[in-house]
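Just the one chain here, laid out as structure tokens, in the form predicted alone.
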Amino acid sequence: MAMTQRPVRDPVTAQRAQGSFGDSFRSALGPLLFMGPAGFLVVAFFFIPVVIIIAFSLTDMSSSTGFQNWAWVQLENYRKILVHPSSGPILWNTIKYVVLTLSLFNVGMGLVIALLSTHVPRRTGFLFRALWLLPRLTPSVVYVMVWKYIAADAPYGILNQHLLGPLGVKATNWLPAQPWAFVIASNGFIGASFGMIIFTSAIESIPRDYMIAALVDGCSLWQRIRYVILPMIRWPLLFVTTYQTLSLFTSFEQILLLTDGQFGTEVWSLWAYHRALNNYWGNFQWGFGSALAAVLVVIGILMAIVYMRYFRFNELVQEPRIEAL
């Protein structure tokens, strides 16, 4: 019988392999420890609630069934969403609200304010940005009441009394007359302050050598913005656009306080809130409301993927290339 000889392992090779594994573990331990608290918060306050919401969406749970007499209905709630007569108009309202608020205010005005306040004396720019933070710092109820008084009919409305009245425009209650203008503006002034902070920090972090070189080459202000500033702040643009898109899809606080969905301003997240937690009839449809919320989760994930591909996320997170001479 032939005897098979077990290969002899080189002690030096074994020690090197063990050492490389230990080094890899130690190098990965630090980032894991730093990411641990944030990872715990994401799992506890995002992943687990999403799983619970999806589970609820597969049931007929409501105030009529209670928490004991409910039954699994699989995808019935999603079928109801597809055939519901309000799904199309509310989806269109949501898209219109998100696109206009995002482009005009949250990203557009935020970027304009950042550009203006970084091209004026530093103290003036700081004061200008501080004023734009007031809508975000003001309590939501007080902030919305200000907008209601702006739009109110005479003799209380600021818009009628001091702006349009002297021009001969007939006084009216502008909130039901132009509800989307006030919904978008009230949300946009809050969102613009967030983009302003991020964009200002990104612009001020651009090396001054780049700006000086552009000036020496004779670039105009628009050319400096287009060819120097905007390419250098692609990462903040990606972050603000993605974050504010997801925020607008899921937030309804100002709309709830301003119109409560009346005058055709019902959006998807407010529809889910009304069906699940607050409606005139008192029949809280937790299963159907959860299905509406789950649709928002899917839309948010798809939009995040689209943004990452459009902004070339893989190129943004690449390590800098160091060329050895």
Partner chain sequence: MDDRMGVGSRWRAVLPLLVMAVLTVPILMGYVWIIISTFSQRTYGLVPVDSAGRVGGLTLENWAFLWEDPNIWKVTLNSFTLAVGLTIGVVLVSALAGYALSRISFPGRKAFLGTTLILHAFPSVTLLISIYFVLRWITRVPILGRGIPVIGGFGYDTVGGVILVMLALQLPLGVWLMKGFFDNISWDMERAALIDGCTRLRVWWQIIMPQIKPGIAALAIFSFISGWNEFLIPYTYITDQEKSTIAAYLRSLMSDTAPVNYSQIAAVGLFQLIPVMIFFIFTQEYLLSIFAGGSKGGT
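The shown structure was predicted, so the numbers you read here are calculated from the model rather than taken from an experiment. Residue numbers count along the first chain shown, from 1. What we label the rigid core is the largest C-alpha set whose atoms superpose within 1.5 Å from one form to the other.
There is another form of the same protein, the form predicted together with its partner chain; it is not shown, and what comes next is about it.
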74, 103, 205, 178 - the one with a heavy atom within 4.5 Å of its partner chain in the predicted bound form:
205
Option from 76-84, 95-103, 123-131, 168-176 whose residues, in the predicted bound form, bring a heavy atom within 4.5 Å of its partner chain:
123-131
So, residue 267 and its partner chain: in the predicted bound form, are they within 4.5 Å at any heavy atom pair?
no
Although its partner chain is absent from this view, report whether residue 200 comes within 4.5 Å of it in the predicted bound form, heavy atoms only.
yes
Contact of residue 162 with its partner chain in the predicted bound form (heavy atom, 4.5 Å):
yes
Non-hydrogen atom contact residue 138 with its partner chain in the predicted bound form at 4.5 angstroms
yes
What residues, if any, in 67-92 have a non-hydrogen atom within 4.5 angstroms of its partner chain in the predicted bound form?
67
Rigid core aligned, does the Cα position of residue 36 differ by 2 Å or more between this form and the one not shown?
yes
